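Let's start with one chain on its own, the form predicted on its own, as structure tokens.
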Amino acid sequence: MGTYFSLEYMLESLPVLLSYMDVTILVTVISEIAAMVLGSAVALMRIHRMPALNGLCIGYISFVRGTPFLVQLYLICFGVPQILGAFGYADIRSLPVLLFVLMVMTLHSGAYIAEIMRGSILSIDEGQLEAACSIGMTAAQAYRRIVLPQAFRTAIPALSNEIISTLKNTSLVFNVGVIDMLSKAELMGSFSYRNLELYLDVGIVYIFLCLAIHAGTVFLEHGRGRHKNQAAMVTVE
């Protein structure tokens, strides 16, 4: 068994791979926060059918949903610097590739979050928006204080799935030179020839990260349930 699989090497390698987990978490957290802002803005543009912007948003969402993530990663990380370089912006190539990775992750996740939030916002009774405006709130205040908080609570399960999808997509960033857990496993495997142990380590780490996100979703879901129950009690009283 030791010839084909070494549990000792697997356990020894795990701390090394965990030291690169910060890249995975950093990319996921920053890109998802930005994607939620972008997705919410795009959703509102589509709901209100803003001239010109609505068509642009539809094209953006269609492109992201219709092309593989890896193609988008290559287009942003390699294509954008090349295009800008042709226009004289040579300094763009000196920027860290991680910035381009965050950009593509935000754009990719933002398109899916836009559709999630659009459906969630449309599920909120329009009367709440009208009532808020009737007491002197602007449309922006009504969305910020009343509509969007409810929409986000409704969208928790779908947003959780999107965060998990983004987390797993981070395993592809090694294709553009970012050193994360998977790329470190590749490098270690090229010297030790113990790829199975290393890939199992990476898989286990991703499973625990996904379980942590799921646990957070369950916690928020329970909080949403308590909020509904309290609201129902107030209504009855």
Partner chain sequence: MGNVIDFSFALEVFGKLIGYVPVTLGLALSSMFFASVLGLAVMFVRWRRIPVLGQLATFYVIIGRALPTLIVLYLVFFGLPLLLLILSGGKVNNGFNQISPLVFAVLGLTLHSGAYLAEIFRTAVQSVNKGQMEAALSVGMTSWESFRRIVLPQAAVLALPLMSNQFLGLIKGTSIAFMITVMELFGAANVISSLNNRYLEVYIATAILYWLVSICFEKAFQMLEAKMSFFKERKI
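Numbering follows the first chain given and starts at 1. Only a predicted model underlies this, so the values are computations on that prediction, with no experimental measurement involved.
Omitted here: the form predicted in complex with the partner chain. The next part is about that form.
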Taking 4.5 angstroms as the cut-off for heavy atoms, does residue 172 touch the partner chain in the model of the complex? yes
Close approach of residue 207 to the partner chain in the model of the complex, 4.5 Å, heavy atom: yes
Look up in the model of the complex whether residue 70 has a non-hydrogen atom within 4.5 angstroms of the partner chain, and give yes or no. yes
Report yes if any heavy atom of residue 135 sits within 4.5 Å of a heavy atom of the partner chain in the model of the complex; otherwise report no. no
Among 97, 122, 131, 75, which has at least one heavy atom within 4.5 Å of the partner chain in the model of the complex? 75
Option from 151-159, 81-89, 98-106, 137-145 whose residues, in the model of the complex, bring a heavy atom within 4.5 Å of the partner chain: 81-89
Does any residue in 194-214 get within 4.5 Å of the partner chain in the model of the complex, counting heavy atoms only, and if so which ones? 195, 196, 199, 200, 202, 203, 206, 207, 210, 211
